[in-house]
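As C-alpha cells, one chain now follows by itself in the form predicted on its own.
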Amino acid sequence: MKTKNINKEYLQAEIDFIHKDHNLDASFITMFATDERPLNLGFKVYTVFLFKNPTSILTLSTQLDQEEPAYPAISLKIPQANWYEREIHDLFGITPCGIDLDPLVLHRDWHRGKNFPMRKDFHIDTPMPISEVPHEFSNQPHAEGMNQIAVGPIHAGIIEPGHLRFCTIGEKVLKFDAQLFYTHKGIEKMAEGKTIDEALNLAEHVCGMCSYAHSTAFCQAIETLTQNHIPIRASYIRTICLELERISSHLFDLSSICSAGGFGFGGIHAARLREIIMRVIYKITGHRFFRGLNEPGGLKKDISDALLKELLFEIKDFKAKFKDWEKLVMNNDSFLDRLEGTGALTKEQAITLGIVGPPARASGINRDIRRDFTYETYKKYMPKITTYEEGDALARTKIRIDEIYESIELLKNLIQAVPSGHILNRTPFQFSEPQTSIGIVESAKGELIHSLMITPENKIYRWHVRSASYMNWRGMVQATMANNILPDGPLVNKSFNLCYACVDR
C-alpha cells in the first residue's frame, strides 16, 4: 500500500486525474477520517483507490486544520463518496465544502455543535440528551394525489430498524428513500485503545451474515502491516470457510427473494438448505458463524483431515439438493414474471453509485476482489465470475445461484488439496510511530474493507469498516424507483437483501 500526501487545495484535481485517466484503471474503494491531534498532526482525511494494472492500493492523505477542519468535497467529482463525506461530517465535524450535508449517521435529534463522537476528546460514555426534533424526509414531494407510506423503522419481522419511505401516485412509486443508522453500535469508537485480539472480537461481531469475511479482512490488514505470510494450510482453510459463508449468505438471500415474490414454498426450501450448510459449518468449526477461528497470522485452531473429508461428502450431496431447488424455482413462471424487469439498475447507475458484489455483477460490472485483488488461495483456484446485463431482480437472483455452484466447485477442489502443516505464524510488531494498513475481502454481499491505524504499543488508534451494504443501499433506493409499483418494493429490497448491522457499525 502506497500513501501520498496531498494538500487539500489539490485534492480534487488529483482525484479527478486518477478517476478519469482510464489508463490507470483505478477504482475509488473507501474513505475515512482520523483525529490525529494527540499526535500533533491535526485531522486527516484518507481517500483510497484500487489499481488493477498492476494491482496496488494508493491512499491519498490530506491534513486539515485543527480548529476549523475543511476541504473541497470529493463527491463533487466522485458521487459514490457522498455517504462517506456526510458520515465524516457527522462523526468528526470535518466539513467537505460544496455539498449538501444532511445528517446521515447522527439523526436530526442529535445535539450538534461540539458533539462529534469520533473525535479523541469525546468519551464513549458521554451521556447525550435527545432533542425533540421530528424526522422528515425533506426530499419527498408533496402534492394532491400523492401518498407517503412509511415502512419502519420498527418492522414486523426479526430485522433491524430502518425507515423506508415511499411516495406513490396510486400504486406507482414516484419517490423512495431510506433512513438507516437507528442502532449504530459505535464499534469503531469502542475499538480505540483496544489490543489487536480485543478488536478482532469486535470485527467478528460487526455482522452475523458475513462475520468470517469481516474477521478475515481485519486479519489481512494486520498481516499486511507486519508482512506476515500465513501458513499454506491456514490459507486453504480460510478460503474454504469464506466460500461456505458465501453459500450460506446466498441461500438466505434466495429464501428472502422467494418469500418477497410470493413463492413461500421455494423460500422455505432455500432456508432448509441453508440450515444444512449452517450445521456443517458448526460441525467443522464449532461455531455457526465462524467466530473464534481467525487470528492474525493464520488460525486459532485447526480443522482435522477427517472433518474435511466429511465436508467433501456433504458438499457433493448438497449440490444435488440445490439443483433440485433450482429446478423448482426457475421453472415457476409466475414467480419469474415477478422478478423479470423488476428493480432494474443500469450499469451506468451502478458505476456512478459504486455498487459492489452480486448487484454490481447483475448490472454488467465484471468485478470481484477474489480475482481482481486476489488473496488467500484464490491465486491458485480462481473463481469464474458471472455477469448479467439486465440489472433486475431476476439477474440478482441468477447471480447468486451461479455463485453457489461456483463455490461448490471451489470447495471440492480446495478440500481435496488442503496441505498438511502448521496453521499460525506469529510476527511481532516493531514500529516507532503509528502505521496504517488495509484489508480487502469479497464477502458474499460484495467487497468489504477494513482500514487500521496501529500504535507502537500494538493498540488500535483508528479502525474504519466499509461494508458492501454501505455501498449498495443507495443502489437499492435507485432500483426501487425504477418504474416499479408499490408491491414490488419488498421484492426489490430482498433482491439486494442488504445488511443493517454492517451499516450500523
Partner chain sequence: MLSILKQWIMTGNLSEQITVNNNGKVEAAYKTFSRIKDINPRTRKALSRSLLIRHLDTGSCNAEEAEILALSNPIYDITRFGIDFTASPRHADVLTVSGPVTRHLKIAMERTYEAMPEPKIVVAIGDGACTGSLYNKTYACLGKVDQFIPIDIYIPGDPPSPTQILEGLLLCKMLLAEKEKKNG
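Computed from a predicted structure; not experimentally measured. Residue numbers count along the first chain shown, from 1.
The same protein has a further form, the form predicted together with its partner chain, not shown here; the description that follows concerns it.
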Legend entry - Heavy atom within 4.5 Å of its partner chain in the predicted bound form - the one residue of P103, G364, G341, G186 that qualifies: G186
Legend entry - Single option in K175, H205, K77, K347 placed near its partner chain in the predicted bound form, where near means a heavy atom within 4.5 Å: H205
Inset, instruction - Report the stretch among 104-112, 399-407, 303-311, 367-375 that approaches its partner chain in the predicted bound form to within 4.5 Å, counting heavy atoms only. - result: 104-112
Legend entry - R86, L164 and L486 each touching its partner chain in the predicted bound form (heavy atom, 4.5 Å): no
Legend entry - Partner contact for R272 in the predicted bound form: its partner chain, 4.5 angstroms, heavy atom: yes
Inset, instruction - Look up in the predicted bound form whether S131 has a non-hydrogen atom within 4.5 angstroms of its partner chain, and give yes or no. - result: yes
Inset, instruction - Look up in the predicted bound form whether G262 has a non-hydrogen atom within 4.5 angstroms of its partner chain, and give yes or no. - result: no
Inset, instruction - Tell me, yes or no, whether I6 is in contact with its partner chain in the predicted bound form, where a contact means a heavy atom of each within 4.5 Å. - result: no
Legend entry - Residues within 4.5 Å of its partner chain in the predicted bound form, restricted to 284-305 and counted by heavy atom: H287, R288, F289, R291
